[in-house]
Ligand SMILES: C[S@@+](CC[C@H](N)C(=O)[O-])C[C@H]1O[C@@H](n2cnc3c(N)ncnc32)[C@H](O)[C@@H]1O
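Before any questions on how it binds or moves, here is one chain, the form predicted alone, in structure tokens.
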Amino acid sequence: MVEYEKDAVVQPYVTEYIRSRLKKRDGIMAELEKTALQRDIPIVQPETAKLLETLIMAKQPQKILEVGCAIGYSAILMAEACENAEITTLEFDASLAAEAKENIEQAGLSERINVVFADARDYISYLEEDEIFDIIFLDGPKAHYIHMLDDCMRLLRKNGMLICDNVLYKGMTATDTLVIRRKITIVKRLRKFIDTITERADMETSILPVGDGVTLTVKRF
């Protein structure tokens, strides 16, 4: 079995069809997609990018927090989807954070996107409740989702949305038959995370088999 079977969550013919209906991106976004492919830098999958873009357009958030900036692809995507949004995006890798700043400047979005070089778990734990967000997008280390959940909900306004990528983790979250031994801890924590967000009374959650799995959670109160 291939360790990172990209079609483990969705059948290949479904993924192929969905991607065939997506418009090709141009400009800086096309450049970043090429960079990510050449250097094996993780960015959101095409169908996940379209879902994220659509949600941002519909929600029209004023403030967004992103965990996992990488080279700035999804931060730029969200900023272009909502011209009034202010985005704080966190990245633990110093070289990627610096590269993201350059890409965001090239996109002309430096005034609205703030790249912070930081450990997300520490950073969000120190944010005060008056630093409130309309949308929080988790796309960092998957094993840390469960550890960041309480702070994310604390920093999310009522009816705000928590969007989490890669929650099905190549299908491993859904079935033990796909689990790779050295990924057991990540899978266990993702399962605990999903159990929590689907059971807590203050959250309304939908799990979508899009890309590598996405959860959409609305803060009820």
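Keep in mind it's a predicted model, so treat the numbers as computed, not measured. Numbers follow the displayed sequence, beginning with 1.
As for the form predicted together with the ligand, it is not shown, yet the points below apply to it.
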- Do Phe137 and the ligand share at least one heavy atom pair within 4.5 Å in the predicted bound form? yes
- Message: Please determine whether Ala120 contacts the ligand in the predicted bound form, using a 4.5 Å cut-off between heavy atoms.
- Response: yes
- Item | Exercise: Met172 in contact with the ligand in the predicted bound form, heavy atom 4.5 Å | no
- Message: So, Leu90 and the ligand: in the predicted bound form, are they within 4.5 Å at any heavy atom pair?
- Response: yes
- Item | Ile146, Leu96, Leu109, Ile124 - the one with a heavy atom within 4.5 Å of the ligand in the predicted bound form | Leu96
- Task: Tell me, out of Ile194, Ile43, Ile28, Ile186, which residue has a non-hydrogen atom within 4.5 angstroms of the ligand in the predicted bound form.
- Result: Ile43
- Note on the structure: Only one of 175 to 183, 43 to 51, 154 to 162, 57 to 65 has residues with a heavy atom within 4.5 Å of the ligand in the predicted bound form, and that stretch is 43 to 51
